[in-house]
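First, one chain by itself: the form predicted alone, in C-alpha coordinates.
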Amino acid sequence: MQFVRRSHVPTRLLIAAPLAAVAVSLALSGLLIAAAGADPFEAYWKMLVGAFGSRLSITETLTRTTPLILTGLAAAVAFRARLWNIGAEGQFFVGALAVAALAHGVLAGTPAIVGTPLLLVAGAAAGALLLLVPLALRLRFGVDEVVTTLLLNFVVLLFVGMMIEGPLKDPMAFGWPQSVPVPGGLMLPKLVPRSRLTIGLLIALAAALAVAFVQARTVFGFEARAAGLAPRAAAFAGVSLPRTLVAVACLSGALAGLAGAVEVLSVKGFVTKDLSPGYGYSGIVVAMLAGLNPIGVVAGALFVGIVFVGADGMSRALGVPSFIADVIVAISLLSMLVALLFTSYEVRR
(Lines give C-alpha, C1' and ligand atoms only; values in the text may rest on other atoms or scores of the structure.)
Protein backbone atom coordinates (compact mmCIF):
# COMPACT_ATOMS: atom_id res chain seq x y z
CA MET A 1 0.00 0.00 0.00
CA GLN A 2 1.34 3.40 -0.91
CA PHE A 3 0.21 7.01 -0.98
CA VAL A 4 0.23 8.62 -4.43
CA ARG A 5 -0.29 12.36 -4.80
CA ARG A 6 -3.37 13.23 -6.80
CA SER A 7 -2.77 15.24 -9.96
CA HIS A 8 -6.23 16.75 -9.60
CA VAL A 9 -8.37 17.01 -6.47
CA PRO A 10 -12.10 16.66 -7.27
CA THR A 11 -14.32 19.46 -6.01
CA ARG A 12 -16.52 16.97 -4.17
CA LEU A 13 -13.54 15.91 -2.07
CA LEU A 14 -12.70 19.53 -1.21
CA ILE A 15 -16.28 20.04 0.00
CA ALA A 16 -16.56 16.68 1.76
CA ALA A 17 -13.26 16.97 3.69
CA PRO A 18 -14.30 19.63 6.24
CA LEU A 19 -17.76 18.10 6.63
CA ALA A 20 -16.22 14.70 7.36
CA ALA A 21 -13.74 16.27 9.79
CA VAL A 22 -16.54 17.97 11.72
CA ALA A 23 -18.61 14.77 11.76
CA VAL A 24 -15.70 12.71 13.05
CA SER A 25 -14.84 15.28 15.71
CA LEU A 26 -18.45 15.35 16.94
CA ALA A 27 -18.57 11.54 17.00
CA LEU A 28 -15.33 11.25 18.98
CA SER A 29 -16.33 14.06 21.32
CA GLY A 30 -19.66 12.30 21.82
CA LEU A 31 -17.77 9.39 23.36
CA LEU A 32 -16.21 11.77 25.87
CA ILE A 33 -19.61 13.30 26.64
CA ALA A 34 -21.05 9.83 27.19
CA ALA A 35 -18.13 9.02 29.48
CA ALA A 36 -19.05 12.13 31.48
CA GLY A 37 -22.51 10.63 32.04
CA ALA A 38 -24.57 12.64 29.53
CA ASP A 39 -26.47 11.70 26.39
CA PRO A 40 -24.36 12.99 23.43
CA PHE A 41 -27.43 13.74 21.29
CA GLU A 42 -29.07 15.73 24.08
CA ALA A 43 -25.75 17.46 24.75
CA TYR A 44 -25.39 18.57 21.14
CA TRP A 45 -29.02 19.72 21.11
CA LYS A 46 -28.34 21.81 24.22
CA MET A 47 -25.27 23.16 22.46
CA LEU A 48 -27.35 24.30 19.49
CA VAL A 49 -29.95 25.82 21.81
CA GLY A 50 -27.17 27.57 23.70
CA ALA A 51 -25.85 29.03 20.45
CA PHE A 52 -29.15 29.86 18.68
CA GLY A 53 -31.94 29.45 21.23
CA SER A 54 -32.53 33.14 21.87
CA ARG A 55 -31.81 36.56 20.47
CA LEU A 56 -29.06 37.02 23.04
CA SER A 57 -27.40 33.69 22.24
CA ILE A 58 -27.49 34.38 18.48
CA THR A 59 -25.86 37.77 18.87
CA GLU A 60 -23.32 36.32 21.30
CA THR A 61 -22.43 33.55 18.84
CA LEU A 62 -21.91 36.10 16.07
CA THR A 63 -19.88 38.29 18.44
CA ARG A 64 -17.53 35.37 19.18
CA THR A 65 -17.42 34.53 15.45
CA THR A 66 -16.20 38.01 14.44
CA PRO A 67 -12.58 37.81 15.70
CA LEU A 68 -12.40 34.18 14.59
CA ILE A 69 -13.12 35.23 11.00
CA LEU A 70 -10.26 37.74 11.07
CA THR A 71 -7.70 35.48 12.76
CA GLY A 72 -8.79 32.63 10.48
CA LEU A 73 -8.16 34.86 7.47
CA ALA A 74 -4.76 35.82 8.90
CA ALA A 75 -3.75 32.17 9.10
CA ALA A 76 -5.24 31.26 5.71
CA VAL A 77 -3.47 34.08 3.89
CA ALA A 78 -0.10 33.21 5.41
CA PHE A 79 -0.36 29.44 5.12
CA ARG A 80 -1.36 29.62 1.45
CA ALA A 81 2.00 31.28 0.77
CA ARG A 82 3.81 28.84 3.09
CA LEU A 83 4.43 31.52 5.67
CA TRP A 84 3.69 29.62 8.89
CA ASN A 85 2.29 32.38 11.05
CA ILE A 86 1.55 30.84 14.47
CA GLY A 87 1.68 34.29 16.07
CA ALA A 88 -1.82 35.60 15.38
CA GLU A 89 -2.46 35.61 19.14
CA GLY A 90 0.39 38.07 19.69
CA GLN A 91 -0.63 40.18 16.69
CA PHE A 92 -4.18 40.24 18.10
CA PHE A 93 -2.90 41.68 21.38
CA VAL A 94 -0.60 44.32 19.88
CA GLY A 95 -3.53 45.48 17.73
CA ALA A 96 -5.69 45.76 20.83
CA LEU A 97 -2.95 47.54 22.77
CA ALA A 98 -2.38 50.04 19.96
CA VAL A 99 -6.07 50.93 20.05
CA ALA A 100 -6.07 51.45 23.81
CA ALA A 101 -2.91 53.58 23.69
CA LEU A 102 -3.98 55.82 20.82
CA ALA A 103 -7.60 56.20 21.95
CA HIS A 104 -6.36 57.48 25.29
CA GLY A 105 -3.57 59.54 23.73
CA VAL A 106 -3.36 61.35 20.43
CA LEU A 107 -6.86 60.40 19.25
CA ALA A 108 -8.66 61.31 22.48
CA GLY A 109 -11.37 63.81 21.65
CA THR A 110 -11.28 62.99 17.94
CA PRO A 111 -14.71 62.67 16.27
CA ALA A 112 -15.78 59.05 15.84
CA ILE A 113 -16.06 59.31 12.06
CA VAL A 114 -12.32 60.00 11.94
CA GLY A 115 -11.01 58.47 15.14
CA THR A 116 -12.59 55.00 14.92
CA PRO A 117 -11.28 54.21 11.41
CA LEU A 118 -7.85 55.48 12.44
CA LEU A 119 -7.89 53.17 15.46
CA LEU A 120 -8.76 50.19 13.24
CA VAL A 121 -5.93 51.09 10.87
CA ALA A 122 -3.54 51.50 13.80
CA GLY A 123 -4.47 48.07 15.18
CA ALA A 124 -3.94 46.48 11.77
CA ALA A 125 -0.60 48.27 11.31
CA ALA A 126 0.62 47.09 14.71
CA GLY A 127 -0.17 43.48 13.85
CA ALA A 128 1.57 43.78 10.47
CA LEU A 129 4.71 45.29 11.99
CA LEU A 130 4.93 42.51 14.57
CA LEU A 131 4.84 39.77 11.92
CA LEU A 132 7.56 41.51 9.89
CA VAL A 133 10.03 40.80 12.70
CA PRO A 134 10.02 36.98 12.38
CA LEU A 135 9.81 37.29 8.61
CA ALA A 136 12.96 39.43 8.58
CA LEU A 137 14.72 36.79 10.69
CA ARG A 138 13.64 34.10 8.22
CA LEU A 139 14.73 36.04 5.15
CA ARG A 140 18.02 37.27 6.63
CA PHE A 141 19.14 34.36 8.79
CA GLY A 142 16.87 31.46 7.81
CA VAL A 143 15.24 31.31 11.27
CA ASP A 144 12.13 29.12 11.33
CA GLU A 145 9.13 31.44 11.68
CA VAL A 146 7.11 28.70 13.40
CA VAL A 147 9.37 29.07 16.43
CA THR A 148 9.72 32.85 16.36
CA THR A 149 6.04 33.64 15.83
CA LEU A 150 5.03 31.18 18.55
CA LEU A 151 7.54 32.55 21.06
CA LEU A 152 6.58 36.13 20.22
CA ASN A 153 3.09 35.36 21.51
CA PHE A 154 4.49 34.94 25.02
CA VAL A 155 6.71 38.01 24.70
CA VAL A 156 3.77 40.13 23.60
CA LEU A 157 1.56 38.86 26.42
CA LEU A 158 4.25 39.81 28.94
CA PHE A 159 4.56 43.24 27.29
CA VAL A 160 0.80 43.71 27.46
CA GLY A 161 0.90 42.83 31.15
CA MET A 162 3.63 45.38 31.73
CA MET A 163 1.72 48.11 29.89
CA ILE A 164 -1.67 47.56 31.53
CA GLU A 165 -0.04 47.51 34.95
CA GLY A 166 2.18 50.48 34.09
CA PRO A 167 1.81 53.37 31.65
CA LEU A 168 -1.65 52.34 30.41
CA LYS A 169 -3.11 51.21 33.73
CA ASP A 170 -6.63 52.39 34.44
CA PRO A 171 -6.49 54.30 37.77
CA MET A 172 -10.22 53.74 38.20
CA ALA A 173 -9.99 49.92 37.98
CA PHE A 174 -9.41 49.48 41.75
CA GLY A 175 -6.08 47.78 41.16
CA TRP A 176 -7.42 45.37 38.55
CA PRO A 177 -4.88 45.01 35.70
CA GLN A 178 -6.60 46.61 32.74
CA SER A 179 -5.82 49.44 30.37
CA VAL A 180 -7.46 52.83 30.31
CA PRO A 181 -10.83 52.54 28.55
CA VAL A 182 -11.53 53.69 25.03
CA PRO A 183 -13.84 56.74 25.05
CA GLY A 184 -17.40 55.62 24.40
CA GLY A 185 -17.70 57.85 21.35
CA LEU A 186 -14.94 55.93 19.55
CA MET A 187 -16.52 52.50 20.04
CA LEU A 188 -17.98 50.70 17.01
CA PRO A 189 -21.74 51.17 16.53
CA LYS A 190 -24.03 48.36 17.63
CA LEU A 191 -25.44 46.14 14.91
CA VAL A 192 -28.20 44.87 17.22
CA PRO A 193 -29.38 47.09 20.11
CA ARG A 194 -28.89 45.78 23.67
CA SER A 195 -26.28 43.24 22.59
CA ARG A 196 -22.50 43.08 22.17
CA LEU A 197 -22.79 42.58 18.39
CA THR A 198 -21.37 45.54 16.47
CA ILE A 199 -20.53 46.39 12.88
CA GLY A 200 -17.27 44.60 13.56
CA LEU A 201 -19.04 41.57 12.08
CA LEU A 202 -19.60 43.47 8.83
CA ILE A 203 -15.94 44.51 8.82
CA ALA A 204 -14.89 40.87 9.19
CA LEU A 205 -17.22 39.73 6.40
CA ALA A 206 -15.96 42.53 4.15
CA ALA A 207 -12.39 41.45 4.90
CA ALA A 208 -13.23 37.88 3.82
CA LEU A 209 -14.66 39.11 0.53
CA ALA A 210 -11.70 41.44 -0.02
CA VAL A 211 -9.17 38.66 0.62
CA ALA A 212 -11.07 36.33 -1.72
CA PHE A 213 -10.99 39.01 -4.44
CA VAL A 214 -7.29 39.72 -3.93
CA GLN A 215 -6.37 36.06 -4.07
CA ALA A 216 -8.49 35.30 -7.14
CA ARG A 217 -8.24 38.45 -9.24
CA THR A 218 -4.94 40.24 -8.59
CA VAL A 219 -1.33 39.67 -9.57
CA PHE A 220 -0.34 39.68 -5.91
CA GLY A 221 -2.84 36.89 -5.20
CA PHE A 222 -1.45 34.83 -8.07
CA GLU A 223 2.14 35.39 -6.92
CA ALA A 224 1.27 34.46 -3.33
CA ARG A 225 -0.36 31.20 -4.48
CA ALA A 226 2.58 30.45 -6.75
CA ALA A 227 5.03 31.12 -3.92
CA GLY A 228 3.16 28.62 -1.76
CA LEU A 229 2.61 25.90 -4.35
CA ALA A 230 5.96 25.94 -6.15
CA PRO A 231 8.42 28.54 -4.84
CA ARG A 232 11.27 27.49 -7.15
CA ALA A 233 9.06 27.62 -10.23
CA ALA A 234 7.65 30.97 -9.11
CA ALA A 235 11.15 32.39 -8.65
CA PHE A 236 12.16 31.02 -12.06
CA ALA A 237 9.14 32.78 -13.58
CA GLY A 238 10.27 36.11 -12.12
CA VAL A 239 8.27 36.26 -8.90
CA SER A 240 10.24 37.98 -6.15
CA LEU A 241 9.73 35.63 -3.20
CA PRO A 242 11.03 38.04 -0.51
CA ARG A 243 8.82 40.86 -1.78
CA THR A 244 5.79 38.55 -1.99
CA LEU A 245 6.36 37.19 1.52
CA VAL A 246 6.67 40.71 2.92
CA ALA A 247 3.32 41.62 1.35
CA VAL A 248 1.74 38.40 2.64
CA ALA A 249 3.12 39.05 6.13
CA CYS A 250 1.73 42.59 6.11
CA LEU A 251 -1.71 41.33 5.09
CA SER A 252 -1.73 38.40 7.52
CA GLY A 253 -0.47 40.43 10.49
CA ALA A 254 -2.85 43.27 9.66
CA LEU A 255 -5.86 40.93 9.74
CA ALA A 256 -4.85 39.53 13.13
CA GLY A 257 -4.16 43.02 14.49
CA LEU A 258 -7.51 44.18 13.13
CA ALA A 259 -9.16 41.34 15.08
CA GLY A 260 -7.70 42.73 18.30
CA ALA A 261 -8.74 46.28 17.42
CA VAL A 262 -12.30 45.20 16.61
CA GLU A 263 -12.54 43.18 19.82
CA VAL A 264 -11.54 46.17 21.96
CA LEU A 265 -13.80 48.58 20.08
CA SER A 266 -16.75 46.16 20.14
CA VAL A 267 -16.78 44.16 23.34
CA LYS A 268 -14.72 45.38 26.29
CA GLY A 269 -13.50 48.86 25.48
CA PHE A 270 -10.21 48.18 27.26
CA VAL A 271 -7.39 45.63 27.24
CA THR A 272 -6.88 42.84 29.75
CA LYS A 273 -4.66 39.78 29.56
CA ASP A 274 -7.77 37.59 29.14
CA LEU A 275 -9.10 39.68 26.25
CA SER A 276 -8.63 36.69 23.97
CA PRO A 277 -9.63 33.13 24.93
CA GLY A 278 -7.20 31.96 22.24
CA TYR A 279 -8.63 33.60 19.13
CA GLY A 280 -5.22 33.54 17.46
CA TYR A 281 -4.73 29.81 17.94
CA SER A 282 -8.37 29.02 17.09
CA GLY A 283 -7.87 30.95 13.86
CA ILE A 284 -5.49 28.21 12.74
CA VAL A 285 -8.25 25.63 13.22
CA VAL A 286 -10.68 27.86 11.34
CA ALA A 287 -8.27 28.26 8.43
CA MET A 288 -7.62 24.52 8.19
CA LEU A 289 -11.33 23.66 8.38
CA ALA A 290 -11.87 26.13 5.54
CA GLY A 291 -9.15 24.58 3.42
CA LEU A 292 -7.46 28.03 3.46
CA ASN A 293 -10.40 29.40 1.46
CA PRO A 294 -11.34 32.96 2.57
CA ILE A 295 -15.07 32.39 2.12
CA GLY A 296 -14.84 29.00 3.82
CA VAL A 297 -13.21 30.78 6.76
CA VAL A 298 -16.56 32.41 7.55
CA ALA A 299 -18.24 29.00 7.85
CA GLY A 300 -15.33 27.59 9.86
CA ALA A 301 -15.40 30.56 12.24
CA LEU A 302 -19.15 30.18 12.71
CA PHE A 303 -18.70 26.48 13.59
CA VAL A 304 -16.04 27.27 16.20
CA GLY A 305 -18.16 30.16 17.51
CA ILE A 306 -21.14 27.83 17.91
CA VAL A 307 -19.03 25.31 19.79
CA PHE A 308 -17.57 27.94 22.15
CA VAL A 309 -20.90 29.61 22.96
CA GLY A 310 -23.04 26.47 22.86
CA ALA A 311 -20.71 24.54 25.15
CA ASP A 312 -21.49 26.96 27.97
CA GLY A 313 -25.23 26.27 27.61
CA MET A 314 -24.57 22.53 27.39
CA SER A 315 -22.44 22.67 30.51
CA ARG A 316 -25.10 24.53 32.49
CA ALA A 317 -27.90 22.18 31.39
CA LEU A 318 -26.18 18.81 31.71
CA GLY A 319 -23.17 19.40 33.88
CA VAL A 320 -20.75 18.42 31.12
CA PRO A 321 -17.41 20.22 31.57
CA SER A 322 -17.32 23.33 29.36
CA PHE A 323 -13.77 22.56 28.23
CA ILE A 324 -15.32 19.95 25.94
CA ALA A 325 -15.49 22.89 23.49
CA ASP A 326 -11.69 23.01 23.33
CA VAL A 327 -11.64 19.24 22.84
CA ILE A 328 -14.09 19.44 19.92
CA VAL A 329 -12.07 22.19 18.26
CA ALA A 330 -8.79 20.31 18.75
CA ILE A 331 -10.21 17.05 17.38
CA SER A 332 -11.65 18.99 14.44
CA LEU A 333 -8.16 20.20 13.56
CA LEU A 334 -6.68 16.71 13.77
CA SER A 335 -9.56 15.24 11.74
CA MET A 336 -9.14 17.95 9.12
CA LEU A 337 -5.42 17.23 8.80
CA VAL A 338 -6.19 13.55 8.20
CA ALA A 339 -8.93 14.51 5.73
CA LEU A 340 -6.50 16.76 3.86
CA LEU A 341 -4.03 13.86 3.65
CA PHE A 342 -6.59 11.66 1.93
CA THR A 343 -7.73 14.60 -0.19
CA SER A 344 -4.23 15.25 -1.51
CA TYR A 345 -3.19 11.59 -1.81
CA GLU A 346 -4.91 8.42 -2.92
CA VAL A 347 -4.13 5.01 -1.49
CA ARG A 348 -2.93 2.35 -3.94
CA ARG A 349 -1.90 -1.25 -3.39
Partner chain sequence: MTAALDILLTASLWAAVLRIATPLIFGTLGALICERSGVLNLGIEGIMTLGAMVGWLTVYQGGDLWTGLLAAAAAGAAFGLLHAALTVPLGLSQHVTGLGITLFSSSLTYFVFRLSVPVSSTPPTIEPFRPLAIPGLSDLPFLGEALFQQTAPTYLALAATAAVAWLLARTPLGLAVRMAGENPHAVEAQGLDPIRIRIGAVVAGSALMGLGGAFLTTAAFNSFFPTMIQGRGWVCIALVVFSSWKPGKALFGALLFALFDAYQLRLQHVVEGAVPYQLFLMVPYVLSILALVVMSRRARVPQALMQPYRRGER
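Numbering follows the first chain given and starts at 1. Please read these numbers as outputs of a predicted model, since none were measured by experiment.
There is another form of the same protein, the form predicted in complex with its partner chain; it is not shown, and what comes next is about it.
Put simply, residue 209 is far from its partner chain in the predicted bound form: not one heavy atom of it is within 4.5 Å. Put simply, residue 235 is far from its partner chain in the predicted bound form: not one heavy atom of it is within 4.5 Å. Contact annotation for residue 327: at least one heavy atom lies within 4.5 Å of its partner chain in the predicted bound form. Although the partner is absent here, residue 217 is not a contact residue: none of its heavy atoms lies within 4.5 angstroms of its partner chain in the predicted bound form. Heavy atoms within 4.5 Å of its partner chain in the predicted bound form belong, among the stretches 66-74, 297-305, 314-322, 50-58, to residues of 314-322. The contact with its partner chain in the predicted bound form, taken as any heavy atom within 4.5 Å, belongs to 148 out of 272, 198, 110, 148. Think of it this way: in the predicted bound form, its partner chain has a heavy atom of just one of 118, 230, 202, 158 within 4.5 Å, and the residue is 158.
Using a 4.5 Å cut-off on any heavy atom, none of the residues of 175-199 reaches its partner chain in the predicted bound form.
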